[in-house]
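In the block that follows, a single chain appears as structure tokens, in the form predicted alone.
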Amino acid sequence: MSADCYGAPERQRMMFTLYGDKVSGNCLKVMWVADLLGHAYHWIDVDVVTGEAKSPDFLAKFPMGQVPAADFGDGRRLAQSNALMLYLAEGSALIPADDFARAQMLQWLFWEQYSHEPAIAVRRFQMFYLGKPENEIDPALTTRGQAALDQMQRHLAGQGWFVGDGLTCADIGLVAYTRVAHEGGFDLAQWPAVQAWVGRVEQALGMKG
């Protein structure tokens, strides 16, 4: 998909430095929005597994000590994945024009960080990247992750996208860890509406087809 398809005016495209780790869905979703809307950025790898985001040099720029983080080269710096997505997507069709639809999008982004990512992403990280055996992983992560996927299944059983009739930041935010949920032991075949939605979002982002 082109940037023009999603309504990003040329004057709103920007250049920046994006710090992140491609094992992190939070970092990837910012990269996907930037790519989709035609923003130019220089990617700098920050290894989250070895704790590079906690180094003195990084903390001097980004005191939160987390990625993704962006430096816009004019003294402005910004962290937190959803804040970055929303900033980059301002003025595009990824943010609904209707006030209530925009609030619905924000609702799902808040839910993603509070009820989805802390279970699915954490279990995936412990299982896939740290190689922890099942008996060392908190079973509550499985319960909470399944509940999150159940919630998504119920919502998507009646519609193709999380908000409205097309791709928004809500879909991009939620797909980042949902598409790799199997790496945390969640088989999306159990949630067919979610699995189909993942395919639609990946296609819209140019990952398939």
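One-based numbering along the sequence shown. Please read all numbers here as calculations on a predicted model, not as lab measurements.
One more form of this protein should be noted, the form predicted together with another copy of the chain, which is absent from this view; the next part is about it.
Student: Is residue 113 close enough to touch another copy of the chain in the predicted bound form, meaning at least one heavy atom pair within 4.5 Å?
Tutor: Residue 113 belongs to the contact set for another copy of the chain.
Student: Indicate whether another copy of the chain has at least one heavy atom within 4.5 Å of a heavy atom of residue 158 in the predicted bound form.
Tutor: Contact with another copy of the chain, no.
Student: So in the predicted bound form, does residue 154 come within 4.5 Å of another copy of the chain, heavy atom to heavy atom?
Tutor: Yes, contact at 4.5 Å.
Student: Is residue 100 part of the interface with another copy of the chain in the predicted bound form - any heavy atom within 4.5 Å?
Tutor: Yes, residue 100 is a contact residue.
Student: Can you tell me which of 41-49, 61-69, 179-187, 163-171 lies within 4.5 Å of another copy of the chain in the predicted bound form, counting heavy atoms only?
Tutor: Only one stretch qualifies here: 61-69.
Student: With the distance limit set at 4.5 angstroms and only heavy atoms considered, check whether 18, 22 and 32 all reach another copy of the chain in the predicted bound form.
Tutor: Not a single residue of the candidate spot has a heavy atom within 4.5 Å of another copy of the chain in the predicted bound form.
Student: Could you list which residues of 16-55 come within 4.5 Å of another copy of the chain in the predicted bound form, counting heavy atoms only?
Tutor: Residues within 4.5 Å: none.
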